[in-house]
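Quick heads-up: it's one chain on its own, the form predicted alone, in structure tokens.
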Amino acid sequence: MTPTPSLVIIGASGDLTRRLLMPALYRLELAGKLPPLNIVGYALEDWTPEYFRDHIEKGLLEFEKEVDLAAWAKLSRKLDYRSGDLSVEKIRALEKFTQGEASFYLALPPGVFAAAAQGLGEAGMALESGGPRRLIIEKPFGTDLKSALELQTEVSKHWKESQILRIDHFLGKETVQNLMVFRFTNTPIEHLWNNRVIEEVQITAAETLGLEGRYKYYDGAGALRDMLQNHLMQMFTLVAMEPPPIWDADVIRTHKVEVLKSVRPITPENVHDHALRGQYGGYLEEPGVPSGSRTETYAALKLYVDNWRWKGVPFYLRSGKKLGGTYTEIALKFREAPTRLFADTSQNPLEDNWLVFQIKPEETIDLILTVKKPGLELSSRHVSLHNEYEEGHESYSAYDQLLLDALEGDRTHFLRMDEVEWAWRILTPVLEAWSSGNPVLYESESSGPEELAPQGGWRPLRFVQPD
């Protein structure tokens, strides 16, 4: 009889498990999507399985709008718990729970990823004699190119690249995944997706929140490492990649790496032309932040992809805290019409046309076009062809999708090591330049620093539906 597959969550007592992983597994159970599975929590705390189940149930009641008792009862029967550290002797106690196919989720601080991968490997957990074995690693994968390569060296001592799933939850978002479907199944759209038609691309991830008690992590990371190196660079590669010939994990990820390899290098001499960092006023007064900290709470990049499709098109990426809105979007600006046909009429100056993939607060797609205003005068207005992506459908989180993919062995939406490496290669000169000097100050609830803004300015931090 084939053993039931297992999911072992290393660090199961932490906030990630309670807030995100277990609610995602619960929603998959509720939807009937969760495959046969034993779920084993593993952490330092000396808990009983019963206490662990109570801990998870309290989390569901806190973070889910409503808990279906039948679905929770079914899920709770799949839960077990064992306490232990990352030593080989303790980890070997997991053998009886992992006789067949098994996935190990590192819900741990980044500083112990290498130790956990090594402990699991030395305990024999990477061996696939009884079925596939997978290691799921949260971001960040390193803090710069050097540390990423060192971490890879440690992890790869026991784990093959095909076993490693580096998770970036933005790749599980519906609109981000729909970007590929929208591009590659609609012939008219793909014909517009090039430098002859697109003038610029803006990718924004803004939030109104500050540190919210995360100073220990954030002050050592900053906006560039926290958001741009992973989330925004992933969205950037999906926008810029060439159409893959088949839907295959390695083919798709190879196309994304080709984008990163095509990015015009940022040199120490031209960092200021391609990167900007800012810090909101009052950051240094935040509890726990060291006086004189140069950590950026806002980061912006201007990238060029020097290939046939995108030569000359600037890609602007920005993310920041304490801004004027919580808003995430991918926006492509179309070039202006080559002639002003209405220059001698009462027609208003033509406004920009955009294709906007909004990811937060709602997941929508908008094609913004210009049409004539009703009436006797020849004047125009903007209209939007608007699609609310989730309208009429069940809503799932990014972790729902990515956990299901991981359990099924689908690596399409996980990062391969060369993706991680090339993203760090692009940003290494920026990080080195920012090791000295100070960020630009900006006011809270503003749009952030204006330096490095596109010629026509940044798009507003909220979507305004055309009249």
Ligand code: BG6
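Just so we're clear, the structure is a prediction, and the values are computed from it rather than from any experiment. Residue numbers here begin at 1 and follow the sequence given.
Omitted here: the form predicted together with 6-O-phosphono-beta-D-glucopyranose. The next part is about that form.
Trainee: Exactly one of K139, K302, H158, R82 has a non-hydrogen atom within 4.5 Å of 6-O-phosphono-beta-D-glucopyranose in the model of the complex; which residue is it?
Mentor: Here the answer is residue option K139.
Trainee: Please identify the residue among E363, E286, E207, E242 with any heavy atom within 4.5 Å of 6-O-phosphono-beta-D-glucopyranose in the model of the complex.
Mentor: Only one option qualifies, and that one is E207.
Trainee: In the model of the complex, which of 126-134, 166-174, 187-195, 365-373 comes within 4.5 Å of 6-O-phosphono-beta-D-glucopyranose (heavy atoms)?
Mentor: Among the listed stretches, the partner-contacting one is 166-174.
Trainee: Residue-level question: is E101 within 4.5 Å of 6-O-phosphono-beta-D-glucopyranose in the model of the complex, judged on heavy atoms?
Mentor: Residue-level check for E101: no, no contact with 6-O-phosphono-beta-D-glucopyranose.
Trainee: So in the model of the complex, is 6-O-phosphono-beta-D-glucopyranose close enough to E329 to count as touching (4.5 Å, heavy atoms)?
Mentor: No, E329 sits far enough from 6-O-phosphono-beta-D-glucopyranose in the model of the complex that none of its heavy atoms falls within 4.5 Å.
Trainee: At the 4.5 Å heavy atom threshold, is W308 in contact with 6-O-phosphono-beta-D-glucopyranose in the model of the complex?
Mentor: Looking in the model of the complex, residue contacts with 6-O-phosphono-beta-D-glucopyranose do not include W308, since no heavy atom lies within 4.5 Å.
Trainee: Can you work out whether K216 and 6-O-phosphono-beta-D-glucopyranose are in contact in the model of the complex, taking contact to mean some heavy atom pair no more than 4.5 Å apart?
Mentor: Result no; K216 lies far from 6-O-phosphono-beta-D-glucopyranose in the model of the complex.
Trainee: Taking R253, H255 and V420 together, does each of them reach 6-O-phosphono-beta-D-glucopyranose in the model of the complex with some heavy atom inside 4.5 Å?
Mentor: Result no, not one residue of the spot touches 6-O-phosphono-beta-D-glucopyranose.
Trainee: Judged by heavy atom distances of 4.5 Å or less, which residues of 12-46 approach 6-O-phosphono-beta-D-glucopyranose in the model of the complex?
Mentor: Heavy-atom contacts to 6-O-phosphono-beta-D-glucopyranose in the model of the complex: nothing from 12-46.
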